[in-house]
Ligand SMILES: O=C(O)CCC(=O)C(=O)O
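Below you'll find only one chain, the form predicted alone, shown as structure tokens.
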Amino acid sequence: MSKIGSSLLVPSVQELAKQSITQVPDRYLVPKQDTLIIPKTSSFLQVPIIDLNKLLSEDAFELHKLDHACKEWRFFQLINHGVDPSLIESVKLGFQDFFNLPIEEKKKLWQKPGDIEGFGQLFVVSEKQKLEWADLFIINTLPSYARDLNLFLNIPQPFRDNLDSYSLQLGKLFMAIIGHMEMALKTKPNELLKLFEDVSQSMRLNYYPPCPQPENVIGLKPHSDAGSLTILLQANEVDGLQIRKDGMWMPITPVSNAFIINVGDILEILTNGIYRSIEHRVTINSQKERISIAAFHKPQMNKIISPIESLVISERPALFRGISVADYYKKYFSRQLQEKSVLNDVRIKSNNCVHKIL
């Protein structure tokens, strides 16, 4: 991950928020945002909730629910996921302490020029672009041999060991989910799973401080994730995540003891557009901080991704050209976040048009 992109170094938003400012600096002001939002009380919207226990018990209806969630919502919440609850609580507590380290300690873990791991932000490619109201900590976690040990070993204990155990459990969970997606898609055995042997995982720890002008800043710009599946843990009870549903933004309230899971670009490519990545963003609270941990999963960097053979048929020809995972990520990190712009770059053009599925 460190070698496929870079981001300009930026100051800490958390430190800025500690100054009890009343006016947001101009570089963070993003006043003209799409505010068309579906109310959380809308009775016709029911965010899919998938029960992993039922999937593991070969419940056909639950498998159908998973398939429907990936096709129609591209997003779901997963309950009974099997990740140790006590470990999750330890990770949450460790996260809080980690982001509350003195700034002098954080600087030891700050991004370096030409690197994207560490404290900082991503996708900052210009000194003039607007910045997000967030601090991030980005680290490659799986496989373990791909970690930057100079960074990883400087994470304080016991958070370091808990993060290690957590990453391993999420890697196993990811493979279980992909296995059931393969069943739902009715591909050849292991046609999808084999692409994720020795799965690559990175984590982004997100800290969104409260802001005196929340309507004029953005915590995370609208975008789709580059990877295959993102497994998100919301570490406190503050809302902010929104997904684009039917052309409008829908606020998401996490279900207790659930993971929030969304489809990424690479899975859209592999499934030939059957499971599509979803645009999402993060808004900011005026009174409370929001914290979350996103785990991104993808094939190894040397893999070539293209629609898998079983899902390319005459009625649905290949929608994407082949590209290496490394090249896809280089494209992804070379620009500002902007909807599904990178995915659209690899769509196959036909009759001077791009097959674009929104």
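Note that the coordinates shown come from a computational prediction; the quantities given were computed from them, not determined experimentally. Start at 1 with the first residue shown and count on from there.
The same protein has a further form, the form predicted in complex with the named molecule, not shown here; the description that follows concerns it.
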Legend entry - Among the candidates 220, 91, 78, 270, the residue which, in the predicted complex, approaches the named molecule to within 4.5 Å (heavy atoms): 220
Legend entry - Contacting member of 211, 241, 229, 181, with respect to the named molecule in the predicted complex [4.5 Å, heavy atom]: 241
Inset, instruction - Evaluate residue 282 for contact with the named molecule in the predicted complex, applying a 4.5 angstroms cut-off between non-hydrogen atoms, and reply yes or no. - result: yes
Legend entry - Heavy atom of residue 298 within 4.5 Å of the named molecule in the predicted complex: no
Legend entry - residue 132, heavy atom within 4.5 angstroms of the named molecule in the predicted complex: no
Legend entry - Partner contact for residue 277 in the predicted complex: the named molecule, 4.5 angstroms, heavy atom: no
Inset, instruction - With the named molecule left out here, work out from 157-165, 81-89, 113-121, 282-290 which stretch has heavy atoms within 4.5 Å of it in the predicted complex. - result: 282-290
